[in-house]
Each structure stands twice: as C-alpha cells, then as structure tokens.
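What follows is a single chain, given as structure tokens, in the form predicted alone.
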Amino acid sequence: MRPLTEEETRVMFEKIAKYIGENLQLLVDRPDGTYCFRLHNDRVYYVSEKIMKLAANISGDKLVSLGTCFGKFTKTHKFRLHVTALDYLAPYAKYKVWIKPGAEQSFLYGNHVLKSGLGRITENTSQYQGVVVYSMADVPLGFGVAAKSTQDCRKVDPMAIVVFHQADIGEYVRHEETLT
C-alpha cells in the first residue's frame, strides 16, 4: 500500500472530475475526518487516515482490501472506475440521468440506455460527459457517459443510445468474485 504518484493522481482525478467536477475537493476534505487515496495491487482505495494508520501494521502481501475500492489502473496506466465508487460519486454528481422502470433491468444487465428508456436528464449535459444514472425513485443505479447532449436527446429516435454504460450495481452479482 502506497500513496499515488503525481501522474497516477492526475489520471485518477481527471476521471473522477468527469462525473463530479469541482466537487472532487469535497471527497478529500470531509467534515468527519481526512480521507485519502492509496494504491494497492493496481487498485485505488479511498480510506480515512485513521484506518490507514491502523492498517500500517499489516504486511502488504497479507492485506487484501482497505477502505472502498474506487477503481483500478489498467496495464496501459489508464484509470477505470469501479461500481464500488458509486456511493461516493452519486451525491456530488453534476450531471444525472433518470431512467424509466422498464429500462432499469436492461441497464442493470450491462446494456446502454436508449432514448425510449430515458426519463429525465440534467439540463446542459454535453456529449461524452460523465453522468450518474438514477432510477425514477432517485436510487443511484450506476454511471456512464452521455452519448448525446441534452438538446440532441430531444430530437433523436427512440432506439438511439443516449448513455453509454460504464458500471452498474448489477456488477455486484455478475462479477462478485473479482470485486474487492
């Protein structure tokens, strides 16, 4: 377990900023204590400094997980967000998409969101902007990338993709053996 290098921090913060923008500062400076990001086995963990100091007594090869896994670095040094970060991204999300009850199951199986399943979308969402996907009951279901801007969504045909799937809470079941 080690702190992230400057390059790793930059890549990770750029990815998270696509979803929560300048609210990124609120993740680190929380009123309930100081939180930080740590790298362990190419995975980035979000952990309070208090727990991190306690975990310093455990050797790195015996440590399985620490805090909440936010994502991992691929072999090409790109950062991929995991669904486990959803609980921390959803409250600070700038751009949101709500999907209809009929489209929820399709999204939770890993499919993209079609215009026919779109309930609402945040105003001024640009194309390829990171969005958090909610059910109509305001339950965060996952996150993705807007395939169309808000204005384009109004005039596109019902079978067009409006949100590219990135991660959803159905991954807890589909990939339970690899999520740590």
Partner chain sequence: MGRKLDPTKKEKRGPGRKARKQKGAETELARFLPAVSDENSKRLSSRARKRAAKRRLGSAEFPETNKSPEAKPLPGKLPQGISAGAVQTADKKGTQSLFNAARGKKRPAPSSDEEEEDSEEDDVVNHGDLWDSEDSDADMVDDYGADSNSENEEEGEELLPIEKAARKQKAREAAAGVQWSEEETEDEEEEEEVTSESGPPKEEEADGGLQINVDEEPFVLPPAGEMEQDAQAPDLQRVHKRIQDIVGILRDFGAQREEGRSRSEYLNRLKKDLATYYCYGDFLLGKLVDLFPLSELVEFLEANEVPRPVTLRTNTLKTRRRDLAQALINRGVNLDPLGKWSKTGLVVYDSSVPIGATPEYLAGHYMLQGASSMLPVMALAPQEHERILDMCSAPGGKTSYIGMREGQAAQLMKNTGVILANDANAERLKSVVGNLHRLGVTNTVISHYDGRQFPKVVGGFDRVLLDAPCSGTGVISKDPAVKTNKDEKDILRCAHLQKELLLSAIDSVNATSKTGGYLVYCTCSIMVEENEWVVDYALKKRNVRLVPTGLDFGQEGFTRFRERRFHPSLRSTRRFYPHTHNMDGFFIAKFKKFSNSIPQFQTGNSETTTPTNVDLPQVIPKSENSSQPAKKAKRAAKAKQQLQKQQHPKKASPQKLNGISKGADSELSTIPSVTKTQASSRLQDSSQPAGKAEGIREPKVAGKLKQRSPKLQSSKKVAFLKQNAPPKGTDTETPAVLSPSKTQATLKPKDGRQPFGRAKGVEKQQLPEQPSKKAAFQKQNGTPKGLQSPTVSLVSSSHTPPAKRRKSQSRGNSQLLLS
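Residue numbers count along the first chain shown, from 1. Just so we're clear, the structure is a prediction, and the values are computed from it rather than from any experiment.
Note that the form predicted in complex with its partner chain isn't included here; everything after this is about it.
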> Going by heavy atoms within 4.5 Å, which of 112 to 120, 149 to 157, 125 to 133, 56 to 64 lines up against its partner chain in the predicted bound form?
Replying inline: 56 to 64
> Using a 4.5 Å cut on heavy atoms, which of Tyr88, Tyr95, Trp98, Phe79 is close to its partner chain in the predicted bound form?
Replying inline: Tyr88
> Ok, Ile161, Met12, Ile169, Ile20: which has a heavy atom sitting within 4.5 Å of its partner chain in the predicted bound form?
Replying inline: Ile169
> Wondering, does Leu27 line up within 4.5 Å of its partner chain in the predicted bound form on heavy atoms?
Replying inline: no
> Taking the shortest heavy atom distance, is Gln105 within 4.5 Å of its partner chain in the predicted bound form?
Replying inline: yes
>> Under a 4.5 Å heavy atom criterion, is Asn41 part of the interface with its partner chain in the predicted bound form?
In response: no
> For Val145, is any heavy atom within 4.5 Å of its partner chain in the predicted bound form, or not?
Replying inline: no
> in the predicted bound form, do Lys50, Cys69 and Glu177 all put a heavy atom within 4.5 Å of its partner chain?
Replying inline: yes
> If you look in the predicted bound form, which residues in 70 to 86 sit within 4.5 Å of its partner chain (heavy atoms)?
Replying inline: Thr84
